[in-house]
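Next up: just one chain, as structure tokens, the form predicted alone.
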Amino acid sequence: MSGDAFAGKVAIAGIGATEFSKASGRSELHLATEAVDAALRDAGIEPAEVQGMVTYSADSNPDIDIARALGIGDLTFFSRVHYGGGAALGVMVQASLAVASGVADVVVVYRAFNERSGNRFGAGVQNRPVVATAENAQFAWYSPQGFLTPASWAAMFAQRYMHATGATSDALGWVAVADRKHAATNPNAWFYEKPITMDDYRDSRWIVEPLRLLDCCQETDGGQAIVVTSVERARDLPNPPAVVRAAAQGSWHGQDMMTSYYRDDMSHLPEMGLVARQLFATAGIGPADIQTAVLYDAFTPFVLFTIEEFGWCGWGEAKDFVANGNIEMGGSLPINTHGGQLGEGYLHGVNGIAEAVRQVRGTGVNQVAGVEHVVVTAGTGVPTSGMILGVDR
């Protein structure tokens, strides 16, 4: 299966965001409305022209409330995608299908939360009410063993991967150093002008071995929105279209939610490989045709997995790939040029879509030269998604 139904026919025409903070001082609905308004202004599209809205199942902001607040009229399409950060490009699949099929001419994708001052995802599941549902039943397998937080779930994969490949914690550190280096030159990043060295990384405290504090993404208050329409319509708008060359979702057989510990091999990320194969097949290109990538970096180890699953190096070789400067500006594959979720802000990956748009437009604060195609990936260890954006030719 592929996304041929919408590939090359749909584009991102507008992006908008709030500031990224640790205490927004306003409601999540306010943040969402502010981000959607900014994205529509960037696109040069009036709220009344919006016909569709898509977000995550985890978002607390109903589309109808945002529509009412901004003067968006009748909605002919509205949808939500599950699995937390795994939805980051799933929402783009939904929006693209709606536009390409004619169900909605303009669709807004949004995500907003007070993830630092409000509900802190990193705190884990220990305080969740006991509810007898299939979704909650999974916690019975590993919560009694102390696996209560996202960091602990990711650490299990990291430990196995490092054992199997010979990678050391320094391989994880190079990801953190690169992200923070890029964030340091991004005025919108929380860690603007605050790069780190490898020594800083090694000195950071343990969270769950082998993860240190600097291996873990931020908890951020903020909102981000994306405006999707047809390529033809986007060409008449103020900014260059960022064309959706491919978008796909993937869930591997036997998939669990960040805890697929019962696979034959935990040193691979097959759901991401499934997404990668779909993307390249649909776009008709390969790994060498990508100039820069926004790789979901809630935890640094999964960046190594993703680099291998997309074929930028072989299995077990990511440790050398990142150590040799390939993921920094001037390298063969600069990643997270905005600073990523480690350096800019954690918005379940939607701010990464915005960075990919800036790279296609040529307006990134750390602009990669000669960008034709950008890969964006979604949450790792869960049913996931990905996208390739390209320049309009």
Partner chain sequence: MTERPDHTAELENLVGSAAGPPQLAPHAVNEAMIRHWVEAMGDTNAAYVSNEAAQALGLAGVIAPPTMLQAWIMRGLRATVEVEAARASGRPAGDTATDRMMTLLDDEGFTSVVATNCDQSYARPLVLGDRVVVSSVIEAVSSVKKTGLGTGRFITTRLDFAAVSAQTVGSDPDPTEIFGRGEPVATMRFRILKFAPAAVAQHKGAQTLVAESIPPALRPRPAITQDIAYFFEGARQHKLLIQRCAACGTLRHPPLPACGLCRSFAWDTIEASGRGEVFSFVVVHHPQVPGFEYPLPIGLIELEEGTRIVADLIGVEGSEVRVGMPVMVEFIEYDEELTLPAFRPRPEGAT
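Residue numbers count along the first chain shown, from 1. Everything quoted here is computed from the prediction, not taken from an experiment.
Beyond the structure shown, there is the form predicted together with the partner chain, which is absent from this document and is the topic of what follows.
Judged by heavy atoms within 4.5 Å of the partner chain in the predicted bound form, the contact stretch among the candidates 256-264, 283-291, 70-78, 171-179 is 256-264. Of the listed positions (Ser251, Thr197, Asn136, Ser101), a single one reaches within 4.5 angstroms of the partner chain by any non-hydrogen atom in the predicted bound form, namely Asn136. Checked against the partner chain in the predicted bound form, the candidates Arg202, His82, His163, Arg277 yield a single residue with a heavy atom inside 4.5 Å, and that residue is His163.
Taking the partner from elsewhere, Trp206 is found to have a heavy atom lying within 4.5 Å of the partner chain in the predicted bound form. Taking the partner from the other structure, the partner chain in the predicted bound form has no heavy atom within 4.5 Å of any heavy atom of Pro187. Trp141 belongs to the set of residues with a heavy atom inside 4.5 Å of the partner chain in the predicted bound form.
Residue contact with the partner chain in the predicted bound form: Gly146 places a heavy atom within 4.5 Å of it. For the stretch 153-180, the set of residues having any non-hydrogen atom within 4.5 angstroms of the partner chain in the predicted bound form comprises Ala155, Met156, Gln159, Arg160, His163, in sequence order.
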